[in-house]
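Just one chain is shown here, as structure tokens, and it is the form predicted alone.
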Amino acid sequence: MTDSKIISQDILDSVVDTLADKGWIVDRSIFSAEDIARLREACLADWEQGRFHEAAVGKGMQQDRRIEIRSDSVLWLEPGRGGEAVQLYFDRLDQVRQAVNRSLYLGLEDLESHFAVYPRGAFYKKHLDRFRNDDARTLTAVLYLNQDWPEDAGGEMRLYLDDTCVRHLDVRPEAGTLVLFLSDRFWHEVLPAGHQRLSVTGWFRRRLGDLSW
């Protein structure tokens, strides 16, 4: 791994400390403007080639397209495939995974990720990032790719900060913003987007039933 791909220890320590304290963090230091531009280019190239499919809710045989719940389209990503920009994304987040495991003992083993495109007017209603009978998803990572996102364009991720879903934080989907949060604790939604909205959404997973933290 070249030096340009290595996250500084100070940044990793700050991420881990904030996750330990709050269970969530909004970071704008892990990915550079150049990193984001290359990811955005890759995402749009795949979009224009028609490689995305309409997103569904549920898992396995229970998957269903529910446009009243979510109206985005996705393209699943894999390490080692998709070019240098996608590989750098996985490399960077693997450093986060290792740092979190060393300090918080979450037992994170891998990362599943996809590009997400929200056409104008698309949204995703309030939900948790956990399947009913699958506790593998442990830490959610959402990285935004939208350059110069207008103030009035909507599309914020509304992260609910308490169990009653009263207190919340609205995160603008501005390029380079990375949001990390514990998947089973924080309800969230995507507010209707006034422009095409691009992101990379990922979930760090542990072994099923590994509830050590």
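Note that residue numbering begins at 1 and tracks the sequence as displayed. Quantities reported herein were computed from a predicted structural model and do not represent experimental measurements.
As for the form predicted together with N-oxalylglycine (OGA), it is not shown, yet the points below apply to it.
**Student:** Does Y89 reach N-oxalylglycine (OGA) in the predicted bound form if we count a contact as any heavy atom within 4.5 Å?
**Tutor:** Flag for Y89 set to no.
**Student:** How about D94: is it within 4.5 Å of N-oxalylglycine (OGA) in the predicted bound form, going by heavy atoms?
**Tutor:** Flag for D94 set to no.
**Student:** Does N-oxalylglycine (OGA) get within 4.5 angstroms of any non-hydrogen atom of H127 in the predicted bound form?
**Tutor:** Although N-oxalylglycine (OGA) is absent here, H127 would touch it in the predicted bound form, with heavy atoms inside 4.5 Å.
**Student:** With the cut-off set at 4.5 Å between non-hydrogen atoms, does W24 touch N-oxalylglycine (OGA) in the predicted bound form?
**Tutor:** Residue-level check for W24: no, no contact with N-oxalylglycine (OGA).
**Student:** Just give me the single entry in I36, L178, M157, A42 that has a non-hydrogen atom within 4.5 angstroms of N-oxalylglycine (OGA) in the predicted bound form.
**Tutor:** Answer to the contact question: M157.
**Student:** Could you tell me which stretch in 42-50, 24-32, 162-170, 140-148 has residues with non-hydrogen atoms within 4.5 Å of N-oxalylglycine (OGA) in the predicted bound form?
**Tutor:** After filtering at 4.5 Å, what remains is 140-148.
**Student:** At a 4.5 angstroms cut-off on non-hydrogen atoms, which residues of 181-199 are near N-oxalylglycine (OGA) in the predicted bound form? List them in order.
**Tutor:** H188, V190, R197, S199 sit within 4.5 Å of the partner.
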